[in-house]
Ligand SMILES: Cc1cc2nc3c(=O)[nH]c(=O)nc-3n(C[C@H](O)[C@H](O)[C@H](O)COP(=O)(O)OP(=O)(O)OC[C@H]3O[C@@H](n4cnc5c(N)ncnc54)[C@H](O)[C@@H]3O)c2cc1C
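In the block that follows, a single chain appears as structure tokens, in the form predicted on its own.
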Amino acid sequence: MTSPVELVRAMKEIVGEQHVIHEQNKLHVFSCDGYVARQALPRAVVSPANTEEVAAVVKWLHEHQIPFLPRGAGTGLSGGAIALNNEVVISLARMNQLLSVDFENLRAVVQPGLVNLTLTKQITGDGYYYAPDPSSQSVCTIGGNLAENAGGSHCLKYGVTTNHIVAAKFVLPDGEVIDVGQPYGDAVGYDILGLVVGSEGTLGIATEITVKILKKPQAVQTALAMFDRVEDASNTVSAIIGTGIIPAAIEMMDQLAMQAVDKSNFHVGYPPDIEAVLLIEVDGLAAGVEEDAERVVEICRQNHVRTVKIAESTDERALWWSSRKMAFGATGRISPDYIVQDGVIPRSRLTEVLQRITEISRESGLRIANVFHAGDGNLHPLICYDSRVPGETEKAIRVGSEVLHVCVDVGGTITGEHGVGIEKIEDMRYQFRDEEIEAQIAIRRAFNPNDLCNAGKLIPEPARCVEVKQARRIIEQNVEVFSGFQEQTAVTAPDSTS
């Protein structure tokens, strides 16, 4: 049994004394990520500076059978960085460098702790940018984006994180370092990188990440469309895509979400009686963008828009986008607590699902604001509650599951970009059959056989779904045997009255 003193001494030898946190009062900072409904203190927090230090830390922890997990900026919304098992947290915040840029081949190599937006800021002067843009892009890290396969407003046209990561240096749970993917061209053999992206820190730790960078588009046009009815806004989304136009983004907010952001520093002045607003952006070659924007405006008008306008300045466009991207945080203006959910549905079922969410809100008594990537059907219901009221936290969590089950029922999924973590782990059983969960567990065991790396996240344990089935079968077999024995003894036993 390794003592706390031995652990701290070993970690300090690897990363330096100032990069190990073990004092109880300081560990509280790392008790949760953006999912605050559950909290737990880690055993210690270690901040390595490079791949070699990460590998050395992991190897030591593996040899001493001490659980651990990687952590980026702590902005995750599903509890993936919470130390449920008293893990050592391996913080990647120090590993925040842009290591190299290859403009000619549109590649950059970054450390996992580099903030998403910082990459764009460092290459924008050369006319390039990094496309994935989660709402938290000013603070979230690319390593965290890799772990959760984060999306963003512009993923409709440009794709989510997995479409922009081509290779990574990866530390396995025993400390071995491997290279996955291929910086140029397609990797040969099994798509190990595809497994790593979105694995939520359960398969290992990415320490160097090769990403695609893009040339900035020649032109951008952004429209703001306000609708009296959610149904008309939903129909507009389908109509735009149906014409063959693929906007860079189509974002929607409902009435409650608009009320929240208009109470914030990003006041747009949304009419209080409209049900929905769409933020639609088209980009590309200058010659085609203006025509696409005019067509988008016309489609909005055909679908009973109250008002629609094109941004007249960079400042106006920035205000509209700030209003949308700060909607999660702005919800704190209207509710003391809230849970940000994350499900995906077919675009064609948008009106139906939003109506069902409204019903769930009414039945539960909890308000639900909707802010989401309408273009690709990635919903973000914000479930408002008050943790000071006994039972409301649990109710909010149940409401979140109900919403996710609606998404699955219409052919969608329980997460589009926030990951499963601990928040949705039981909802995995609603989406996947036992055999499918077992297959995923087998993959995890191949990478992480001792289950030391972020255990208890993403994939539910099979015991409750497999062992219970086995127990049920045994009971049923015993009942059959016992019933047969009863029938037999009823025929052969002597009459007790004789």
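Just count from 1 along the sequence shown to find any residue number. Because the structure is predicted, anything quoted here is derived from the model rather than measured.
The form predicted in complex with the named molecule is left out here; the points below concern that form.
*Asks:* Could you spot which one of 221, 118, 75, 393 gets a heavy atom to within 4.5 Å of the named molecule in the predicted complex?
*Replies:* The option sitting close enough to the partner is 75.
*Asks:* Does the 4.5 Å heavy atom contact test between residue 87 and the named molecule in the predicted complex come out positive?
*Replies:* Because no heavy atom of residue 87 falls inside 4.5 Å of the named molecule in the predicted complex, the answer is no.
*Asks:* Is there a heavy atom of residue 147 lying 4.5 Å or less from a heavy atom of the named molecule in the predicted complex?
*Replies:* So residue 147 counts as contacting the named molecule.
*Asks:* Check whether residue 417 has any heavy atom within 4.5 Å of a heavy atom of the named molecule in the predicted complex, and answer yes or no.
*Replies:* The answer is yes: residue 417 has a heavy atom within 4.5 Å of the named molecule.
*Asks:* Find out whether any non-hydrogen atom of residue 200 is located within 4.5 angstroms of the named molecule in the predicted complex, and reply yes or no.
*Replies:* Residue 200: yes, in contact with the named molecule in the predicted complex.
*Asks:* Any idea which of 226-234, 256-264, 119-127, 67-75 reaches within 4.5 Å of the named molecule in the predicted complex, heavy atoms considered?
*Replies:* Among the candidates, contact is made by 67-75.
*Asks:* For the heavy atom contacts within 4.5 Å of the named molecule in the predicted complex, list the residues of 102-138 involved, in sequence order.
*Replies:* The stretch 102-138, when checked against the named molecule in the predicted complex, contributes 112, 134, 135, 136 at the 4.5 Å heavy-atom cut-off.
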